[in-house]
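One chain follows as structure tokens, the form predicted on its own.
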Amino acid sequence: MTIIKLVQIMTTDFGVYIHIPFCKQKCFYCDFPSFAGREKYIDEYLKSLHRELELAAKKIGAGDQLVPCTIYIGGGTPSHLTVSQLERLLEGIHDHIQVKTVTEFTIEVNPCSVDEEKLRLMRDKGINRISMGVQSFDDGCLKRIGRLHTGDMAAERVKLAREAGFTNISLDLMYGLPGQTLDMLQASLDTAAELGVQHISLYGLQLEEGTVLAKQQAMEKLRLPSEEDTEAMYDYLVDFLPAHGFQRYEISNYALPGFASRHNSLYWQDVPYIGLGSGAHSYWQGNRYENPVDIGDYIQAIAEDKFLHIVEETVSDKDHMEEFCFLGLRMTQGIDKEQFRLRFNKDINEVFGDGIKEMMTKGLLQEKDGALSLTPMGMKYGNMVFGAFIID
């Protein structure tokens, strides 16, 4: 397994995530804090975001600006905003974040709501990475999961992004979708590779409670690939992507050399981050915070100048050690044993020795160059390994 060495993270680094909860239509698999048909709230929401950015800059920034290493605008569907709304959002970010020092500035877009004008505005305002939610290039698959674009539209939008000047484009794809076959996945991967993108995230479908697909399954109206077929899809993609230059650096993420997601790598390397917007989460000075999910509740909280006000949990040493290992194992570079010792003043074998030995015996875990990492088989059955890193 080729291991990508991620960018060295400094102790002063942190990321900023900005949540846009608006969508034209809720996807049938999605349980994220996002809403369709709430456009009347957008303008007031953007004002609240601007105010929350101002509060964040005053409380934890340098002077009147935040100085993160990465920014990520996610959703929902950020590209669902109109051009004028998107411009207001980006101007607010420039007002309170030192964008010129940011190494990676990502925005999520959907093919059906992004166009040349929006892409050029994004590029002009300093965004240097596009993450496009494609999921599949098969029109039947797309329709069955509630996506509004077609495969041809997605391919055309990737080309538009490149023409707008983006040289770092990521695609989200999925496998195990309703009615999906191995041939369909193969065709989607072929198209993605031909489009010349730099990064691909590939997720297996998870049926989350409350989603349309979960309800269809409960009514026995959902036709999913068999377990054998889904496993065949996984086996195919983990061979296909490296053969086409995409190196695996995290369980679900593949990149050309130099294009691993810096922002998402912060999460996996236990680095602080600030989440802004409704339903956003933060990890700051040992505490986890969450913003109200309801858009109206969020707007009211910001009107009262509340910032990092809902403590979801204070991370205990036990939880911190477990999470450090869970996140490290997601990456192909694994858990750096020396970093564990420096962070917790303990040898990792003192805490998890029995589990480590068991997983190595089963061929799911390996040690190389002072790091514990999943084997290829361990990547496939990661949850089994994660269970060995829970402190009783």
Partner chain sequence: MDTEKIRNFSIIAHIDHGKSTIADRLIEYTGTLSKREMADQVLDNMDLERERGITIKAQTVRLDYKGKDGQMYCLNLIDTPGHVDFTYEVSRSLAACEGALLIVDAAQGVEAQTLANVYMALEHDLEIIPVINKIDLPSADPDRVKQEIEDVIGLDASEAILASAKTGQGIEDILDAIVERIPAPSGKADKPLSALIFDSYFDSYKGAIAHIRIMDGVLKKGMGLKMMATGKVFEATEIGCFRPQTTELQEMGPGSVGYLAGSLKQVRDVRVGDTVTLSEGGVSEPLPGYRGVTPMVYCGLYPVDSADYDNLKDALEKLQLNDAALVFEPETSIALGFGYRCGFLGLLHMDVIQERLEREYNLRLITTAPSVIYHVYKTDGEMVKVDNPSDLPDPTTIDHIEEPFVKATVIVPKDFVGAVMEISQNKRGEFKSMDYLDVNRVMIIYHIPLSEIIYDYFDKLKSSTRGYASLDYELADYQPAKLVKLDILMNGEAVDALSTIVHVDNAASRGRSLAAKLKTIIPQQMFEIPIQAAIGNKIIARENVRALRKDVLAKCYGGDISRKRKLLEKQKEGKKRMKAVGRVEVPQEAFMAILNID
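Keep in mind the model is a prediction, meaning the values are calculated, not measured. Residue numbers count along the first chain shown, from 1.
The protein also exists as the form predicted in complex with the partner chain; that form is not presented, and the subsequent description refers to it.
Enquirer: Looking at 53-61, 356-364, 36-44, 334-342, which stretch has residues with any non-hydrogen atom within 4.5 Å of the partner chain in the model of the complex?
Expert: Result for this chain: 356-364.
Enquirer: So the partner chain isn't shown here. In the model of the complex, which residue out of 139, 156, 87, 322 has a non-hydrogen atom within 4.5 Å of it?
Expert: Here the answer is residue option 322.
Enquirer: Looking at 146, 204, 272, 179, which is the one with a non-hydrogen atom within 4.5 Å of the partner chain in the model of the complex?
Expert: Partner contact (heavy atom, 4.5 Å) among the options: 204.
Enquirer: Does every residue of 326, 377 and 380 put a non-hydrogen atom within 4.5 angstroms of the partner chain in the model of the complex?
Expert: Per the other structure, all of 326, 377 and 380 touch the partner chain.
Enquirer: Would you classify residue 92 as touching the partner chain in the model of the complex, given a 4.5 Å non-hydrogen atom cut-off?
Expert: Residue-level check for residue 92: no, no contact with the partner chain.
Enquirer: Just to confirm, residue 31 within 4.5 Å of the partner chain in the model of the complex by heavy atoms?
Expert: Answer yes; at least one heavy atom of residue 31 falls within 4.5 Å of the partner chain in the model of the complex.
Enquirer: Examine residue 267 and determine whether its closest non-hydrogen atom to the partner chain in the model of the complex is within 4.5 angstroms.
Expert: Result yes; residue 267 sits at the interface with the partner chain in the model of the complex.
Enquirer: In the model of the complex, does residue 172 have a heavy atom within 4.5 Å of the partner chain?
Expert: Result yes; residue 172 sits at the interface with the partner chain in the model of the complex.
Enquirer: Give, in sequence order, every residue of 118-137 that has a heavy atom within 4.5 Å of the partner chain in the model of the complex, or say none if there are no such residues.
Expert: Going through 118-137 in order - heavy atoms within 4.5 Å of the partner chain in the model of the complex - there are no hits.
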